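Below, in structure tokens: the form predicted alone, a single chain.
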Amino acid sequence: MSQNKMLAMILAGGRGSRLYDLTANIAKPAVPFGGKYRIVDFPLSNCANSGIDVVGVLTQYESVDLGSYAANAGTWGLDVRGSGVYVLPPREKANADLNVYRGTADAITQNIDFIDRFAPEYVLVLSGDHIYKMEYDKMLEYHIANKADATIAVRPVPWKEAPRFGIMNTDAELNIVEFEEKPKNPKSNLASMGIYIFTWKKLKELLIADSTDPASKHDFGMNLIPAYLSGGSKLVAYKFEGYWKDVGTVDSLWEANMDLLDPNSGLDLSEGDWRIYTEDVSEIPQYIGPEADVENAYITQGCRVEGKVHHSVLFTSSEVKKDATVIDTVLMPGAVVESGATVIRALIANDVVIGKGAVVGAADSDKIELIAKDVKGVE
């Protein structure tokens, strides 16, 4: 158990419907990212780097692949004595056939017995589908110093984007005085990051009360946080200024991958003192052909490049053949761009083949093309 007796619960059951075909068969947190990673590697690595050694991963939608991946605790160094990653599917039935979590808060309620087994003083609740690096132990220190019942990580966002988020309105000392879910006219631009630290005794009390409320959606934003505020509990905002991106859409997932190519983005996966760990894949080294034209690209092991690759991210075992052009593009594992094809401003899904001479995307397009099926080439 960690020194301050805090365990983490990662909410990883989301469907990720705005990622369309990318999440047809896998949960959103299991979607590949950054050449060789998965999205869930970020919260799991943050836990390991922050000294949290008990982590529950709450799965639901298309959970088999994510569950088997997360259960390999050794990937993040969480397999030593007294620590572990525990995969926690829903146990309550919505009907005769389907086990579900009714909401984010219900996901914790259904696992009260799991949490009590470790007798923590504090519980960290995380979204499993964001890209960021964060020292949760520093946030816990802030929570304890402020004698808070709940601490919510917030990040300033552009005012025009604030209506997309849960917004925390605070006083000058960052005490939360009001919560607004996706307000049309926000009073603040402090957006909730979906990262919470709760003093467990108080949270457990409110979860039990919420579970019997027939009008509740059993959601942290809609129900639990308002219950804290109406009950006079102390809620504080923990301001985070580092890189953070919710990769819930095709465009935002593409943008986060592109941020790896920008030295000023704040997203650096090469930092030795805060590593993002992932499953080690056995592949041959990358191959860059003698006529290849490569500029500002992330090219992972197993890739074969014989054409032009500019400002792009190539995942494990993807291939760009001779006379092919790939610009401002993400090639997911096993994707192939055949000879003479051109791909610009696109995200190519796993194992998709772009046929000879085909053209996908455009430099002046205002949206990113998601290609999840093979594209026929020129005959």
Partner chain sequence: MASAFGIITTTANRLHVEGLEAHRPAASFSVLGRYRTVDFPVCNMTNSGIERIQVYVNQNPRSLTEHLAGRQYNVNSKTGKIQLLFSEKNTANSIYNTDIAAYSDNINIIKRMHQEYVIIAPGYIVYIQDYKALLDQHIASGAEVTLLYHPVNNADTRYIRQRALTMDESGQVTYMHYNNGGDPDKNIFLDTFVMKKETFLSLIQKAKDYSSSCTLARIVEREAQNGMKVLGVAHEGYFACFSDFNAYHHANLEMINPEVFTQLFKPEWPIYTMTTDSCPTKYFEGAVVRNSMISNACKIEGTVINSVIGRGCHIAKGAYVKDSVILAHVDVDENSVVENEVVDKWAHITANTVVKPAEGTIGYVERDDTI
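This is a predicted model, so every value here is computed, not measured. Residue numbers count along the first chain shown, from 1.
Unshown form predicted together with its partner chain; subsequent notes refer to it.
Interface membership of Pro290, defined by any non-hydrogen atom within 4.5 Å of its partner chain in the model of the complex, is confirmed.
Interface residue remark: Lys36 is counted as part of the site for its partner chain in the model of the complex, having a heavy atom within 4.5 Å. Its partner chain in the model of the complex comes within 4.5 Å of no heavy atom belonging to Leu235. Interface membership of Glu92, defined by any non-hydrogen atom within 4.5 Å of its partner chain in the model of the complex, is ruled out. Figure note: of the listed segments 115-123, 241-249, 210-218, 258-266, the one touching its partner chain in the model of the complex, with heavy atoms no more than 4.5 Å away, is 258-266.
Checking Ser83, Asn169, Asn146, Gln286 for any heavy atom within 4.5 Å of its partner chain in the model of the complex turns up a single hit: Gln286. A single residue from the set Thr104, Asn223, Gln110, Thr278 has any heavy atom within 4.5 angstroms of its partner chain in the model of the complex; that residue is Thr278. Along 294-312, a non-hydrogen atom within 4.5 Å of its partner chain in the model of the complex is carried by Val294, Glu295, Asn296, Ala297, Tyr298, Ile299, Thr300, Gln301, Arg304, in order along the sequence.
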